[in-house]
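Considered here are two forms of the same protein chain, supplied as structure tokens in two stand-alone entries, structure 1 and structure 2.
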Structure 1
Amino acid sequence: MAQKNIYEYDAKKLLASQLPKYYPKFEYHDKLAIVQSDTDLNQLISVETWIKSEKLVAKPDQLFGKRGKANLLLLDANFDEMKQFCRNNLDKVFEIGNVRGELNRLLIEPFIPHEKEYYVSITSDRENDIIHFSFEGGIFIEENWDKVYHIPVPLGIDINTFDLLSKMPDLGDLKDILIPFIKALFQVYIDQDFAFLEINPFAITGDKKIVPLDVKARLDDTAAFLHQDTWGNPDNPIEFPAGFGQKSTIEEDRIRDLDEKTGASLKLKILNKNGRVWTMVAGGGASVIYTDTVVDLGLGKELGNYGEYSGNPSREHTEIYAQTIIDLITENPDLQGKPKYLIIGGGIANFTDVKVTFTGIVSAIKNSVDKLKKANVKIFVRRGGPNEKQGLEMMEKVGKETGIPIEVFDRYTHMTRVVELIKKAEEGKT
């Protein structure tokens, strides 16, 4: 629940459908197609006939930029060249920045011959939405950042009555195109609950039409319920893809599904499947602090996951969450038989019932006794909150009954001290 990146394809489609509401002259070609390894090109060209007849651009649509520098930008190509480009690159592994990932999504659109590239973006802070505009768009934007206009528009101001022109005095003849375009873009940004929108670059064609070339955007996904007629349609919601190289796993998908079904919060991100330190921490804030402490104490390389559960999840949901993490920690026992550590941590809850949530965790432990022993998992528990006594006693008991080493700490032990204990155990070992 936050600001989420969307595909360039989806961003352009959204602009194509929304911009003409405020800027009827925005005659965007709306010719966009996605090619993936399983795309049937013959079928695609039967729908998108322009692909055969026009000059094309092809580029990755996987949330990373600087595609020209990575040699992943095909310009002014015909259909055959485009096919060749797709064949050469799809499903291949690339290193972008420091991230390795598979390329599996290419955006195809018509090639627009142009001389000059412009920059526009919109961002937000507490009091303003801010328009950023520059004549020096494209790959030169960063080195020319000092030439960018930054025009804050205070929240609640009607952009139509806002004197944008006086803030960008040197538009010259282009003002009749640019001012209404930027104002319309601003309207769409606000209307559709964008959190970030960048068109870098856009071109102005010979017949004075504006064409967005590259688009990056983030939406505020909490606003989905306000946009059921556009991107928030519950039957066909817009996709919020993970970053390049960050494919979500089945386990992460399962927890995300569960999270969406309940009023409580359940989050899971796998960092290192072979990690030996895993966390099952209650609370959005506490989970960050546990993660910090694991890293601060030098165990970062061994950290298996980031996650949290909070908002008083039911016993059943907590059990599924716990089982998922136990399955992950026990999936690959350490080759040298070194112990693995599971931190069942948390602060002192306001209203999450410790007994109820721990009942779920305890049944997951009981279901996994053999696995946990085989993977040599040691469990450290620290928690407080409603029914803390019963919850912690339950944990002690399941440890004794099953023989799984479970150390249990209550509110009188500093929240993250269990991490120190793990570190000490590790130092004793090595």
Structure 2
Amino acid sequence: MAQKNIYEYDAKKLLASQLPKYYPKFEYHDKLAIVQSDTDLNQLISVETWIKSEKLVAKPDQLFGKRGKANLLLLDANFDEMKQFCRNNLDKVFEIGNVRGELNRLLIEPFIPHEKEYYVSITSDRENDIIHFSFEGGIFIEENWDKVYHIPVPLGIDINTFDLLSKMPDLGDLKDILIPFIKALFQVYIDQDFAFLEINPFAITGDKKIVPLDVKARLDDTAAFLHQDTWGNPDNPIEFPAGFGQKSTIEEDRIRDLDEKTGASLKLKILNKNGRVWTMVAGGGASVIYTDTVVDLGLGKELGNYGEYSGNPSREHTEIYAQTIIDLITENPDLQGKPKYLIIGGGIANFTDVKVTFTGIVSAIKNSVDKLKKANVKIFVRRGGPNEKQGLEMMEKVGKETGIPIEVFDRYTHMTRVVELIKKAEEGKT
């Protein structure tokens, strides 16, 4: 699973479209608008006419919380006040926690008068999906976390048969509203492949309607192909933005675009462009194991990237991915001549053709011989799977032909042994 955050705007739109399938009483106003620095407000209000006539809420929609505590939450405002709020805050740099970033996106929606705020979220672990509920929703939920009820729901269970009421606090006359709503929310969470869903807070209006006020959500982006009628529509896919203050690099954008064009999985996150340990790992699970091992062995500060290639990518796509990694690792040679290390690793593949993918990697190595030597790059290979013998022989051969130091290991070597070899090389023990 690849968990990715989505904008609040998109989360609310998705809930508005899906919740009524399971909770017909859910009648969300669906009045949402985005204002950015280049937004023509006159054009906006010609489409979203409610902005001019209703009381409004304005807040950042850029993947950070505690907006109220940061004085970035405008409530019960008229149109002119909203415009001034936008002028005062858009394109300004703010420090949220320890992260500095530019505020460039505001969410506008109607102000909903309410007296009480509630909290609900859904998370997952290996054995359960977990419903979290509290009567104490709002900006101080963390301070009131001891008042949150945590209700595990065994994986695969039909929530409609689950006795949720007996595990909740006394809901009084709200039970006929809250129980159906939370069960419906749970069904949407499962059906749409959410990885995390939080509504904090939501309100219950005087006419007993539930209104989500703030929503945070993550989706499993590898499930997009299952949801082409909702958020995975290839013609209008949902956006997975970078975190506040983070800007993607050209290389990350290139791999992201490549990933979207293939049924395989190609991921890249640059951690340290001057790092001396880089990975090109087959498989999401293996990428986590290699990264953890690099950190555990005290080389975390030297880790250049995090990523993976899997799902049997083509030779061409693998070559582009490998060339991107090689270009990054050779971009800034160590002025003191210290070696750099590239781990071409992975477990034992079930169906990814090692020969095919290694053909692409070997091609990228041949295209970069001078750069690899100048940057003093040493390559460690460990892989298993279909056609591994031919693939590993290709790696050994390209090392001998080019003079690039390449050590090759097959399935009978422990997967992370190559990280230990790097550690020993750094300690001068090899």
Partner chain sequence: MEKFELFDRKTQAIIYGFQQAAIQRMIDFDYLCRREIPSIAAVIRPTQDAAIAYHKVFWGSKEIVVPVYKTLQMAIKKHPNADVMINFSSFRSAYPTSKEALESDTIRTVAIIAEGMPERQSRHLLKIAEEKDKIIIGPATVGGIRAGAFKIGNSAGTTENIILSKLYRPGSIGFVSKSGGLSNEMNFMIAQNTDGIYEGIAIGGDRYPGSRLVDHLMRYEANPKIKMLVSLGEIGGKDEYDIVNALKSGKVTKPLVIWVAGTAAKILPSGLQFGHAGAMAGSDMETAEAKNKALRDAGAIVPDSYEDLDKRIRETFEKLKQEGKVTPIEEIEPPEIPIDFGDATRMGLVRRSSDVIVTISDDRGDVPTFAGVGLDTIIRESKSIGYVIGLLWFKRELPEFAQQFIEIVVKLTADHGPAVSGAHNAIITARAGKDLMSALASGILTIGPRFGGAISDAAKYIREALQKGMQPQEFVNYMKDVVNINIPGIGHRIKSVQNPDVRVQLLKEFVFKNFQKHPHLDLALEVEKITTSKRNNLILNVDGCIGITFLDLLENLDFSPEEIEDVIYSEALNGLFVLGRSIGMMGHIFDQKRQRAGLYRQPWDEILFSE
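Note that the rigid core is defined as the largest set of C-alphas that superpose within 1.5 Å between two forms. Everything numeric in this text was worked out from a predicted model, so none of it was measured. Start at 1 and count along the sequence of structure 1; that gives the residue numbers used here.
Two copies of the same chain, shown separately. Which of them is the form predicted on its own?
Of the two forms shown, it is structure 2 that corresponds to the form predicted on its own, while structure 1 does not.
With respect to the change between the two structures, which of Ile151, Gln246, Asp91, Thr205 is the hinge point between rigid parts?
Answer to the hinge question: Gln246.
Through how many degrees does the small rigid part swing between the two structures?
Hinge rotation between the two structures: 24 degrees.
Mind pulling the C-alpha shift for Glu251 between the two structures, with the rigid core superposed, in Å?
Displacement of the alpha carbon, after core fit: 3.5 Å.
Once both forms are fitted on the core, what is the Cα shift for Ile348 between the two structures in Å?
Here the C-alpha difference is 12.7 Å.
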